[in-house]
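One chain comes next, on its own, written out as structure tokens in the form predicted alone.
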């Protein structure tokens, strides 16, 4: 093994297929997005080079700021909900004494494997203002409150975020549970001997040791939220008005509905930069040496 690890040619040969695949599937499309954003182009006719005009227009477009705000709200909601509930469930399921651990594991992860179209159709029925389950629950508790969740501009983006948070919570739960399981039991035993309560032991020992897992979960949740598209496309078509537009939906509308491919590419390029900045910030905030145990 050492013979191959010291051989640079062998290392290059092993890396080359993955590097080529990454270049073709990821790097080249990203370069193309930035390149196309410099043109006035409808995707079919001859493109006209306009340099940064698409970006100037983007920063004067009120839909861009609405999309930016919605993306941020969406990302924050799903990150907080998925990681908080995922953590609580991971701590609970990690307890050997807890009954029904297998049932919890299965039920939390089932939505992850469902098609997003199926999930959106399910929640469309639940959110329905006339016969939806959510409003029916108010009836069961004797409340006269009614809400048209997806057609009200004040609730639509929160309703969509709730669907996404519910569907993908299982990812974070599985990651955090694996992280909790990997921590040696001797650390918790030492805490118990010192008189620490279970909650205190989790706060002082488990959570700090899950730093790398939390970093990955945060990056996954925030970039996933900023890239949100399917929920908006299937459930609200960006409405009511533009209140559920995100940058991805704005890019789709510009490129494939309005026929402004260059302008849509500028939105996509900004989204790439935004995700990179968020990833760098999270890496910087949770920068620490890996704990070896």
Partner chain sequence: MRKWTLALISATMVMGLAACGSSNDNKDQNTANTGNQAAGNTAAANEGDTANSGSTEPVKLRIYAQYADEDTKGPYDYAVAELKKAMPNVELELDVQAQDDGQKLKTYAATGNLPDIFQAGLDIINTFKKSNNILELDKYADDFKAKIQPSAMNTLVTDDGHIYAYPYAGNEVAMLFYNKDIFTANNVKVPTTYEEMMAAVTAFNAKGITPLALFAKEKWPTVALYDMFASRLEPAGITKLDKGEAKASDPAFKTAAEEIVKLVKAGLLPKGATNLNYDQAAALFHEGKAAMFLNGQWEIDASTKALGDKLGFMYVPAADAAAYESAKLTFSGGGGPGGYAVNPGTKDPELAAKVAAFISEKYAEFKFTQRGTPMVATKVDAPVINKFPPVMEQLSKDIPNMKTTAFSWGLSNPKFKAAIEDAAQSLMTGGYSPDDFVSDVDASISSK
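Positions refer to the first chain, counted from 1. Only a predicted model underlies this, so the values are computations on that prediction, with no experimental measurement involved.
Keep in mind the form predicted in complex with the partner chain is missing from the figure; the text below concerns it.
**Q** Using a 4.5 Å heavy atom cut-off, which stretch among 43-51, 220-228, 22-30, 264-272 contacts the partner chain in the predicted bound form?
**A** It is 43-51 that comes within 4.5 Å of the partner.
**Q** Taking 4.5 angstroms as the cut-off for heavy atoms, does residue 252 touch the partner chain in the predicted bound form?
**A** Residue 252 belongs to the contact set for the partner chain.
**Q** Residue-level question: is residue 130 within 4.5 Å of the partner chain in the predicted bound form, judged on heavy atoms?
**A** Yes.
**Q** Check residue 151 for me: does it contact the partner chain in the predicted bound form (non-hydrogen atoms, 4.5 angstroms)?
**A** Residue 151: contacts the partner chain in the predicted bound form.
**Q** Is residue 34 close enough to touch the partner chain in the predicted bound form, meaning at least one heavy atom pair within 4.5 Å?
**A** Residue 34: no, not in contact with the partner chain in the predicted bound form.
**Q** Within 4.5 Å, heavy atoms only, which of 124, 190, 88, 104 is in contact with the partner chain in the predicted bound form?
**A** Checked against the cut-off, the match is 124.
**Q** Quick one: of 58, 235, 38, 68, which gets a non-hydrogen atom within 4.5 angstroms of the partner chain in the predicted bound form?
**A** Here the answer is residue option 235.
**Q** Out of 237-256, which residues reach within 4.5 Å of the partner chain in the predicted bound form, heavy atoms considered?
**A** The stretch 237-256, when checked against the partner chain in the predicted bound form, contributes 237, 239, 240, 241, 242, 245, 252, 253, 256 at the 4.5 Å heavy-atom cut-off.
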